[in-house]
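Two forms, one protein chain; structure tokens for each follow separately as structure 1 and structure 2.
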Structure 1
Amino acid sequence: MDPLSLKKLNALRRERRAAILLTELTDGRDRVIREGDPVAGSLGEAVARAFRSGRSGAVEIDGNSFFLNVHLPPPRLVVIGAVHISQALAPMARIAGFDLTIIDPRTAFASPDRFPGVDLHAEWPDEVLKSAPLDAYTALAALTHDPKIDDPAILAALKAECFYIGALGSRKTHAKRVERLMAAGAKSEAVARIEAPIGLDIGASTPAEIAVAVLGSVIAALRSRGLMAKDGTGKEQAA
């Protein structure tokens, strides 16, 4: 590897930014591609797929062989609310490979006994997020139903362009939430990204089922980053 490429990769890792080390297999030359860098043609399509899947591998493009070594930041899931859904979600998120943080200033809920082994903060979200800011490889799930707790975290997630933002509550509850967020300065196109009611529409009713629906939405958002599908679902379209 070119020492300059290694230096760039290490810098991007520290910044929690995604990158691909692209190596031309015919001559060994390599270069670093950051997520969002323009790459034209079929190679650009292969690079975009690799960023979404997170899988490294070799590709053949126009008679040339390349190896795409993908470096993605570990995905994070920040949950606002130490509630029953969060208790079910915590082990599922770990199994799925997410670094999980749960934040809730209500000490009666945010107790280590209820969340053993979890990165748990019995503090207000804005205080926690000062030292551990959100980013594009973080998902946020707001589950308290309390605007004083949820809204500041959602605003921070919108500003950080988190890859997923979801909030518990009915459509009527969310309509009031949208009014508050807009009054706080959020843009309409950003607010439209919030999934509410939260989670995949699988008819979930119990806390564990809702946790499954939430994690499904988070995974779908992670694997469809930057994908603009014609049907609006975030799924890749057949040629």
Structure 2
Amino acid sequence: MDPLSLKKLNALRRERRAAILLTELTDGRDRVIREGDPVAGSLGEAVARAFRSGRSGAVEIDGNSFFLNVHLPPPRLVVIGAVHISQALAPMARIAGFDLTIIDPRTAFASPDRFPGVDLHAEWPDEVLKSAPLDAYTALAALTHDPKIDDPAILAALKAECFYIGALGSRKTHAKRVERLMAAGAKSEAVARIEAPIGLDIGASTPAEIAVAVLGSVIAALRSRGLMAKDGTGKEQAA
């Protein structure tokens, strides 16, 4: 392996950027491909497929043997609102393999006693997201019901192209939210990506059941990445 390739790959991984290390198995020559880098021909198709599936593997192209080692960032779930649903969601998300962050500026809600061992921030979302920005491998669930807290985080998630954005609230509440987000400059096709009411339609009624529904939606979105980009919702393909 080229030492420069290793340094470049590790730097991208530290920055939570997706990358593939492409190795020619005949001579061991390698190079780092970032997500979005243009790669021509059949190799380009294999690269795109690997980024989408996250699966590493060997491919034969024009008689040459290549190995594509895919490095995708660990998926994160950022929850706005240290509410009852979040208390149930925190342990579930951890079991499902997500790095979890909960943000709520209301200190009475965001108390460590209510969220033992959780990466909890009793601050405004904007302040927290400045130091740990949202990205395409992060899901955002806005659960406070308070536009002052939820809206700025949703706008940031739309801009960062989070793989999943969901917001708590009825259709009526969401219609008003859509108006506010559009007034704040969000594009309608981006706003259409927000899942509201939040979570899979499983008839969830308790906070814990709603947490299951939210996590189900987040996983569905994670597993249909790329497909989602094509139709804007991912719902049909994910089903």
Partner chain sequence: MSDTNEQFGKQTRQDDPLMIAEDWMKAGRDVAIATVVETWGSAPRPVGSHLVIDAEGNFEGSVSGGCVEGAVVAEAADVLAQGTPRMLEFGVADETAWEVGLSCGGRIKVFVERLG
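Rigid core here is just the name for the largest C-alpha set that superposes within 1.5 Å across the two forms. Here the structure is a predicted model, which is why all the values come from computation and not from measurement. Throughout, residue numbering runs from 1 along the sequence of structure 1.
Shown first, as structure 1, is the form predicted alone. Of the residues 30, 212, 186, 73, the one at the hinge where one rigid part turns against the other between structures 1 and 2 is 73. Relative to the larger rigid part, the smaller one is rotated between structures 1 and 2 by 18°, as taken from C-alpha superpositions. Structural comparison between structures 1 and 2 after rigid-core fitting shows the C-alpha of residue 49 displaced 5.5 Å.
Look at residue 6: with the core superposed, its C-alpha moves 3.1 Å between structures 1 and 2.
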